[in-house]
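Just the one chain here, laid out as structure tokens, in the form predicted alone.
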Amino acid sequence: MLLLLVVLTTSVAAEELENPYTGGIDVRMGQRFFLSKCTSCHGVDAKGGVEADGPDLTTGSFRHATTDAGLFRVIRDGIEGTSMRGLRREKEQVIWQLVTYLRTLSDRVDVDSLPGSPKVGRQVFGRLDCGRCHMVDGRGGRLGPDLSRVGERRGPNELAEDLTEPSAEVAPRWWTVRVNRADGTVVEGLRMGEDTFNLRIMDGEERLRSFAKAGLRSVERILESTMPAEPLSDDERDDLVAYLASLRGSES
């Protein structure tokens, strides 16, 4: 009886409490789980479609739930008579993170409500030569992430953190490789490909360089961001955030 009471209490709490997992890392973990478990029905873009028989999850309106707690319940318990199966075996944290991610699919930041100016931010972006490493709408470099749709992927707070603490979280795709050659020279670049015998990187001039591992002294991975720590005023940061938040592909 005591065990049953504990289970019921936990279940009720999950439905009544607000979502406790709403940070940037929760969005990313929710997206990761969605891509691994939910795309067969809802599609990679969460819009359903011809081949994906699940409903569009990007409209902000859900047929069986209106609150985060309701979404939690639907994801956990499933929907009887449909292909939506519950995820009762998953931890509550995972389900909450999935709810958080689903909410971001329809949340549209009103750029005009942000403290900075997208127009001025674009000028700051150019003055700092951010396009040397980042591509926007097909123009720019390839040494950093493509920012053409970054306003869809990152919220204003996350964008501000990206600018002020670029090494706080660096995806493995953007780790740097330092190659120490037999003659003592060192070459650094982004890891583009690797197998048992060879390593290929793209150096700071976007040149592809290939190395036979047998002829190298060492290969070192650098996990920090290559983005320079430019000192920004509060106004410059706000303007850059507003500009980046406005980048939404064809809508930008």
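The structure presented is a predicted model; accordingly, all values stated were derived computationally and were not measured. Only the largest set of C-alpha atoms that superpose within 1.5 Å between the two forms is called the rigid core. Start at 1 and count along the sequence shown; that's the residue number.
There is another form of the same protein, the form predicted in complex with a small molecule; it is not shown, and what comes next is about it.
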Exercise. Does at least one non-hydrogen atom of V179 fall within 4.5 angstroms of the small molecule in the model of the complex?
Worked result: no
For this session: Indicate whether the small molecule has at least one heavy atom within 4.5 Å of a heavy atom of F33 in the model of the complex.
Result: yes
For this session: May I ask you to state whether D53 is within 4.5 Å of the small molecule in the model of the complex, using heavy atom distances?
Result: yes
Exercise. Going by a heavy atom distance of 4.5 Å, is Q93 a contact of the small molecule in the model of the complex?
Worked result: no
Exercise. Of these, 181-189, 213-221, 194-202, 40-48, which stretch puts a heavy atom within 4.5 angstroms of the small molecule in the model of the complex?
Worked result: 40-48
Exercise. Can all three of M29, A69 and P118 be found with a heavy atom no more than 4.5 Å from the small molecule in the model of the complex?
Worked result: no
For this session: State the residue from L105, L128, L114, V136 whose non-hydrogen atoms include one within 4.5 Å of the small molecule in the model of the complex.
Result: L128
Exercise. Relative to the superposed rigid core, does the CA atom of Q31 travel 2 Å or more between the shown form and the other one?
Worked result: yes
Exercise. Taking the rigid core as reference, does the Cα of V99 move 2 Å or more between the shown form and the other one?
Worked result: yes
Exercise. Does superposing the core leave G43 with a CA shift of 2 Å or more between the shown form and the other one?
Worked result: yes
For this session: Relative to what we see here, could you say if G43 and R142 have their Cα atoms closer or farther apart in the model of the complex, with a change of 3 Å or more?
Result: farther
Seminar exercise, completed: Relative to the shown structure, Cα V99 and Cα R153 in the model of the complex (3 Å or more change) are closer
